[in-house]
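In the form predicted alone, a lone chain appears below as structure tokens.
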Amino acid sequence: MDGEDISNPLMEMCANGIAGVDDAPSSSTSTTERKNRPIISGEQLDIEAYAGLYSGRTKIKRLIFIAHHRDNTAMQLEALRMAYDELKKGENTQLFREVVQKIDDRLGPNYSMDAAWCAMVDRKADQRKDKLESELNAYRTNLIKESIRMGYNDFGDFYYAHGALGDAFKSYVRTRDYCTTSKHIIQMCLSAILVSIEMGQFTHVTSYVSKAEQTPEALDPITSAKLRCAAGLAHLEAKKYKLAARKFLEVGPELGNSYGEVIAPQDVATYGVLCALASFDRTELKNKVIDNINFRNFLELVPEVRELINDFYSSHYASCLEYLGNLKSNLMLDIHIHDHVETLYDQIRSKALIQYTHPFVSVDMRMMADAFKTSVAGLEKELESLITDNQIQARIDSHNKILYARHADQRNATFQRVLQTGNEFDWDVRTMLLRANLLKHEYNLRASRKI
């Protein structure tokens, strides 16, 4: 079998990328429709529509992130202009000054430093802080737990609005000692999670998600969805892509737009699919993603991501990789996933290569290179790496450009396992006999007496 070549019809299957498909379309009509289906264009990100998906501080931070990571000057200024307008609606003067510095007078006098506004906001903040302190001191004197909890919560909201995230986190956590109901604990956890995500402290996120899940009686569907999103982000940051995928796939449709201060439903679909493609096998992809009725609601929001995973499962790799290529530039502007794009893409491509070669005895690398839109030399290097890492059991005929599968000798493997099991049994019996003899001759007892 090792030196056996494949027939022409099989090679044609291989070239068309239908290897190992459970339900791939076989008719010429389906193939024609798939070829004629438009691929998403690599258009620039619509910043206004993108920013509209979010609210609060994360909206501003995402706009600043886009401005920092985009080479297009027009897009930079558009993002900074929107961040400026959003900041003028709030109270974070420190972040406002940073944005003004980044604008650097490039948007005209209407987007320059507004010292009077900053002074007014800071003055009101000082007055508000003094009022909150006096109220909290009064609550402490009266020893009213609910009032003290609300006082610390108000302080957390105050610090968060002004960008003092460390102080906000401390204030929210202090409410824990004064929580009297399960709902209070959930509120404390959600507030701590929100600030922790903003600070990038994802170990705290995991901790408070677990704490909130310990009070299931107070968890409504929307809160459960928020906790799963937060847990998914924590696993994503830790590069635990399989765990991240599971959490995002468990998010219920009840989430809607209710968690705009952290994540949009479109992000749930994108993060979930990319992590699943990089870490799930075909069975899991089918059962947990494609056939997942709840997650299908999220996929409908991002049609290109839906088509991407369907193409991958159906082994239409050229189309799948084209979708990935078109998505990449916008994914690099995402505040959470940008650091993981290269890793995820590499893992998805490796899985595609492995899945493509798996059903065949031999594969013509020229046809395979054409299916993956790459050169034969580049494909050969990728296959060499996968063979070296023991992910593909095969050998390469570099002269004829053919990949031959190495099929394991099942008879020999079974014989070797039997021998190993016998050796392990022999060792266990000898060990038991030695121990029995030691106990019989009271060796341990005599040794202890000599000491």
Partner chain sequence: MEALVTQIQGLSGTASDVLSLQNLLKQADDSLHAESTRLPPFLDQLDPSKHSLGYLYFLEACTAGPVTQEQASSFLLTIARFISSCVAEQIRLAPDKFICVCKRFKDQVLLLEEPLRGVAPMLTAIRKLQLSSEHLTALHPEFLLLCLLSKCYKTALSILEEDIFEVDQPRDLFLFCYYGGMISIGQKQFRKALELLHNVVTAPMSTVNAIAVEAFKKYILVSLIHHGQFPTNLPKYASSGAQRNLKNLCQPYVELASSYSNGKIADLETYVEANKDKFESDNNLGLVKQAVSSMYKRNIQRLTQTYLTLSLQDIANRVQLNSPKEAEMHVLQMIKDGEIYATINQKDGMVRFLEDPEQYKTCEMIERIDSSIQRLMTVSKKLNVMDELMSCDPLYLAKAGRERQRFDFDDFDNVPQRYNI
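Residue numbers count along the first chain shown, from 1. Superpose the two forms; the largest set of C-alphas matching within 1.5 Å is the rigid core. Remember, it's a predicted structure, so these values are computed and weren't measured experimentally.
FYI, the form predicted in complex with its partner chain isn't displayed, but the following is about it.
> D426: heavy atom within 4.5 Å of its partner chain in the model of the complex?
Output for D426 is yes: heavy atoms within 4.5 Å of its partner chain.
> Taking heavy atoms only, is E380 within 4.5 angstroms of its partner chain in the model of the complex?
Taking the distances in the model of the complex, the answer for E380 is yes, it comes within 4.5 Å of its partner chain.
> May I ask you to check whether Y404 falls inside a 4.5 Å heavy atom distance of its partner chain in the model of the complex?
Contact check for Y404: yes, within 4.5 Å of its partner chain in the model of the complex.
> Taking the shortest heavy atom distance, is H69 within 4.5 Å of its partner chain in the model of the complex?
The answer is no: H69 has no heavy atom within 4.5 Å of its partner chain.
> Hey, which residues along 419 to 439 are within 4.5 angstroms of its partner chain in the model of the complex, non-hydrogen atoms only?
Contacting residues: L419, G422, N423, F425, D426, W427, V429, R430, T431, M432, L433, L434, R435, A436, N437, L438, L439.
> Is the shift of Q416 between the shown form and the other one large enough to count as movement, that is, does its C-alpha move by 2 Å or more after the core is superposed?
Yes.
> Taking the rigid core as the reference frame, tell me whether D389 has a CA displacement of 2 angstroms or more between the shown form and the other one.
No: D389 shifts by under 2 Å between the shown form and the other one.
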